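Single chain ahead, written as structure tokens, the form predicted alone.
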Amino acid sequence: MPVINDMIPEFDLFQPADVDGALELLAKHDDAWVLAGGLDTFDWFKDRAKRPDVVVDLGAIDQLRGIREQGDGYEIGALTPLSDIENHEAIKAKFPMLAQAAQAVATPQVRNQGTLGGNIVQDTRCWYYRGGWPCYRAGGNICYADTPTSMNREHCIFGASRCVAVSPSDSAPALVALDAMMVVRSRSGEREVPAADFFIGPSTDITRMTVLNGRELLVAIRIPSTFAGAHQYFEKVRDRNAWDFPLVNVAAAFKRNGATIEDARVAVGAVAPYPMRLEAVEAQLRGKNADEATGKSAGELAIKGAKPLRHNGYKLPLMRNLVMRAVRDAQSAQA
């Protein structure tokens, strides 16, 4: 008879009132689990794939919520619900692709509970890993998704290093494309990490997907005015229109002078273990007209070097076409 893991194991729950209190708890307990909106957390706990002795619930820390103007940009608290971001008038006006990315996450009910920080730092959705298989990421000595008979339809075509799991976040590519800064706090102080450097691949550390160590918290995301009001594009392709993770998503921002692209940021998600900024594509786009030919060449360059697995070769034309569509959208906007 199969074992049904539908009971959450016991743990000690702490609910600090401020960031300093949370950081003290993380410093005191080596294996503490940080709880934000809880939507990913409770899946792990109910399946018993994660069994921490201590859980630090950030829900009572109001300073981690809210969208605030900061200088010529905005700061968003890590516990801000995704629904607040998708409905915020200034975010929709200045950074529409972030609002669109937030809106693309799951369902309205999930977005009311889920937080921006949680969407950013969530763990990979690889079903072997989350199913409790002893893979490389879980401390084993094999990647079950990268074998001749494995199912790897949703896995990576770039950045594999033993593990072929992808970053599942919708908001992360948008933040990379907006040159966002991740604000990280520890007991020793605060540091800002560029979004493009915040996410790491298995070649750096196969046990985690961000630079956060067990004693740090992501407290806020700062978005500069670099691309505020510039033409922006976000698109997500998934199997279902709701409650589904991306097969591929793209976030792009363009500064234009007439038909000419003066500067660009392009980031793609769900094709690598991290949201992948396409710097070669950006360099190719600068000084070019936003037209069909430019879009096609950008799309071809975007997939250069890809290494598809047995079942995910469809991601190459999908990624190529999404990049092309982003450039085409910039063309239609200036026409």
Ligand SMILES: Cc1cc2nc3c(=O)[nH]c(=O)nc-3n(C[C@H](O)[C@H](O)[C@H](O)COP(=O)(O)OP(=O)(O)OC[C@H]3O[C@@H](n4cnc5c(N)ncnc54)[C@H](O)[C@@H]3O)c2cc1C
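Start at 1 and count along the sequence shown; that's the residue number. Keep in mind that this is a model prediction, so the values were computed, not measured.
The next section is about a form of this same protein that is not shown, the form predicted in complex with the ligand.
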{"property": "Close approach of T41 to the ligand in the model of the complex, 4.5 Å, heavy atom", "result": "yes"}
{"property": "is_contact(K236, the ligand) in the model of the complex, heavy atom dist at most 4.5 Å", "result": "yes"}
{"property": "Contact flag, A99 vs the ligand in the model of the complex, heavy atom cut 4.5 Å", "result": "no"}
{"property": "Residue contact check: G37 to the ligand in the model of the complex, 4.5 Å heavy atom", "result": "yes"}
{"property": "Whether R125, P168 and L217 all lie within 4.5 angstroms of the ligand in the model of the complex by heavy atom", "result": "yes"}
{"property": "Partner-proximal stretch of 169 to 177, 189 to 197, 250 to 258, 90 to 98 relative to the ligand in the model of the complex, 4.5 angstroms, heavy atom", "result": "169 to 177"}
{"property": "In the model of the complex, the one of M182, A230, L82, C163 near the ligand [non-hydrogen atom within 4.5 angstroms]", "result": "L82"}
{"property": "Option touching the ligand, based on a heavy atom within 4.5 Å in the model of the complex, out of I157, V105, I223, C135", "result": "V105"}
{"property": "Residues within stretch 233 to 253 having a non-hydrogen atom within 4.5 Å of the ligand in the model of the complex", "result": "K236, W243, D244, F245, P246"}
